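To begin, one chain is listed below as structure tokens, in the form predicted alone.
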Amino acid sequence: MNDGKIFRLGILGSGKGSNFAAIADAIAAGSLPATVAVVISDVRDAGILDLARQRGIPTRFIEPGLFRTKLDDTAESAYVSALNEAQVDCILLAGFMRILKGAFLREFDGRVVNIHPSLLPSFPGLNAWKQALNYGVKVTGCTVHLVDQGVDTGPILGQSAVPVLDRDTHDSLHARIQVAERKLYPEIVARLARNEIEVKGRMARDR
């Protein structure tokens, strides 16, 4: 993804912004060679916007439009324009609760990255930690992947395993997965920034 210039990130989020904070902290610590060009949310008072402002990072609230789970055409166009204006190289989803489709993914083909709280392809979709615990698996975790037109079906860039303990509740398992997410996401984004990952079709491998 990177051609040697400063790797510019656009981050989309709807909630508190814990994964964004992990990314920003890794940049500040020097372990992630990138800059956050803009943070955009579909929620006007989202915590992720406050965290970005505290760090002096440009923020935008953009209305999501008519639908509950996706951007409408007008909103999609506004998001595309804002990200292009910020000249982003890569878009990170950090708890962004809208499905991205169509023109957005065509505009940023191969440049949209998400983190999901399971070891994909197991337990795609919402509340993956609940799915894992209810199914009875002994190991789950988190996955960083490219976003494609499916739901959590894009090429896998990295994974981290989290054991499921006998005493786990939905909340305790989710909390441990989030700890793993905050470690894995900056590590994988740093590898993208250093151009260390090559993606061909569904396969992601070291360069």
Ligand code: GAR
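One rule holds for the numbers: they count along the sequence shown, beginning at 1. Please read these numbers as outputs of a predicted model, since none were measured by experiment.
Keep in mind the form predicted in complex with glycinamide ribonucleotide is missing from the figure; the text below concerns it.
Colleague: Can you tell me if residue 17 lies within 4.5 angstroms of glycinamide ribonucleotide in the predicted bound form, counting non-hydrogen atoms only?
Modeller: Close contact exists here: in the predicted bound form, residue 17 approaches glycinamide ribonucleotide to within 4.5 Å, heavy atoms only.
Colleague: Check residue 115 for me: does it contact glycinamide ribonucleotide in the predicted bound form (non-hydrogen atoms, 4.5 angstroms)?
Modeller: Judged by the heavy-atom cut-off of 4.5 Å, residue 115 is in contact with glycinamide ribonucleotide in the predicted bound form.
Colleague: Hey, in the predicted bound form, is residue 174 touching glycinamide ribonucleotide, heavy atoms inside 4.5 Å?
Modeller: Because a heavy atom of residue 174 falls inside 4.5 Å of glycinamide ribonucleotide in the predicted bound form, the answer is yes.
Colleague: Taking glycinamide ribonucleotide as it sits in the predicted bound form, is residue 42 near enough to touch it, meaning that at least one heavy atom pair lies within 4.5 angstroms?
Modeller: No, residue 42 sits far enough from glycinamide ribonucleotide in the predicted bound form that none of its heavy atoms falls within 4.5 Å.
Colleague: Between the options 136, 102, 121, 125, which residue brings a heavy atom to within 4.5 Å of glycinamide ribonucleotide in the predicted bound form?
Modeller: Only one listed residue qualifies here, and that residue is 125.
Colleague: Would you kindly say which of 159, 59, 178, 35 lies with a heavy atom within 4.5 Å of glycinamide ribonucleotide in the predicted bound form?
Modeller: Looking at 159, 59, 178, 35 one by one, just 178 meets the 4.5 Å heavy-atom criterion.
Colleague: If contact means a heavy atom within 4.5 Å, which one of 62 to 70, 25 to 33, 178 to 186, 162 to 170 is the stretch that engages glycinamide ribonucleotide in the predicted bound form?
Modeller: Among the listed stretches, the partner-contacting one is 178 to 186.
Colleague: Can you name the residues of 80 to 99 that have a non-hydrogen atom within 4.5 angstroms of glycinamide ribonucleotide in the predicted bound form?
Modeller: The stretch touches the partner through 94, 95, 97.
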